[in-house]
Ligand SMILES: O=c1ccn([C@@H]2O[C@H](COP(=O)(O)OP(=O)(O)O[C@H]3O[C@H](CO)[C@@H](O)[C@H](O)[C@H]3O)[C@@H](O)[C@H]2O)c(=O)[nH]1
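Consider the single chain below, provided in structure tokens and representing the form predicted on its own.
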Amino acid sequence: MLPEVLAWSGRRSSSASDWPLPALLDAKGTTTISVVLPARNERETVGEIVAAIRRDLPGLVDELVVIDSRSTDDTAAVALKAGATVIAQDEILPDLKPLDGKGEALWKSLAVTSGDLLVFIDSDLREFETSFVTGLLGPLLTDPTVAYVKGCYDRPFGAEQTGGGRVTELVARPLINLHWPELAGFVQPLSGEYAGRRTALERVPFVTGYGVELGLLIDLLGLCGLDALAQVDLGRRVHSHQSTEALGGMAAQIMQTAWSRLTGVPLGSGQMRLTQFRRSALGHEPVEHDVSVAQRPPMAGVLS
């Protein structure tokens, strides 16, 4: 790791326990805070997350929004009953052609929230604790030079306390160390829990698919510099795990995002198909998936 990255890590890394709620309430002042949960078919977990934030953080969180990303179950009803404002992804900026993916939901949330600070929390978390929110907000509320905060944590996998985050270890981390070594100090570069200043988030593009986290990290590094980025140890993150086949599609989208940043070729300019194989009575049969991703422009230009 580069010496300057080691120095950054010591200066810009903290733990959720370093940011108790009373201290954050004192630091909040007139700053407004929006918490956003992108959700697609997450009825089993989204209600508990919303209810916990409503119960524990009423003086800190001003706005709690669930972006329903075309759920086919009653995710929206569960989130609404728990106390969130629920907005359908495709109803936001309806004059634009709708696109797919988590990044689309996150990008559109910028158009329907008003907080000076935004906190993004995945809606499939189990054993959720509101220290995820307070931990991410700590550096932003207490240091005006911090623009963006990533969460890091242990990710249990089966009986092991670590081992989750296979795409991170096999794809994202090697890419980062090779091409963006300034970002090598991030423990969980693909973490779905992060927070940032609206003034920064509205100035960078959002990849619509699973490359959104890597794209934001790279682009905010270019926009703000490493010292404006921070990370907070949130402890332990428990969620359901995807199949290896599904992870292959995620990896393909992350690689496209990295390639776009390296070459300047815009995302969405061509289709990418991923060929995988499944065994059948006839042997190994190819299965093709469209894993193409697109990109939304900085929201500041859209809303101006």
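In this text, residue numbers run from 1 along the sequence as written. Quick caveat, the model's predicted, so the values are computed rather than measured.
What comes next is about the form predicted together with the named molecule, which does not appear here.
- For the marked spot (T32, D62 and T113), a heavy atom within 4.5 Å of the named molecule in the predicted bound form is absent from each of the three residues.
- The candidate stretches are 120 to 128, 138 to 146, 223 to 231, 178 to 186, and the one lying within 4.5 Å of the named molecule in the predicted bound form by heavy atoms is 120 to 128.
- With the partner omitted from this view, the residue of A258, L267, M250, L57 that lies near the named molecule in the predicted bound form is M250 [heavy atom within 4.5 Å].
- Contact annotation: K108 falls outside 4.5 Å of the named molecule in the predicted bound form, judged by heavy atom distances.
- Using a 4.5 Å cutoff between non-hydrogen atoms, Q276 does not count as a contact of the named molecule in the predicted bound form.
- Heavy atoms of Y210 reach within 4.5 Å of the named molecule in the predicted bound form, making it an interface residue.
- Mapping the unseen interface onto this chain, A39 counts among the residues with a heavy atom inside 4.5 Å of the named molecule in the predicted bound form.
- In the predicted bound form, just one residue of 60 to 81 lies within 4.5 Å of the named molecule by at least one heavy atom: S69.
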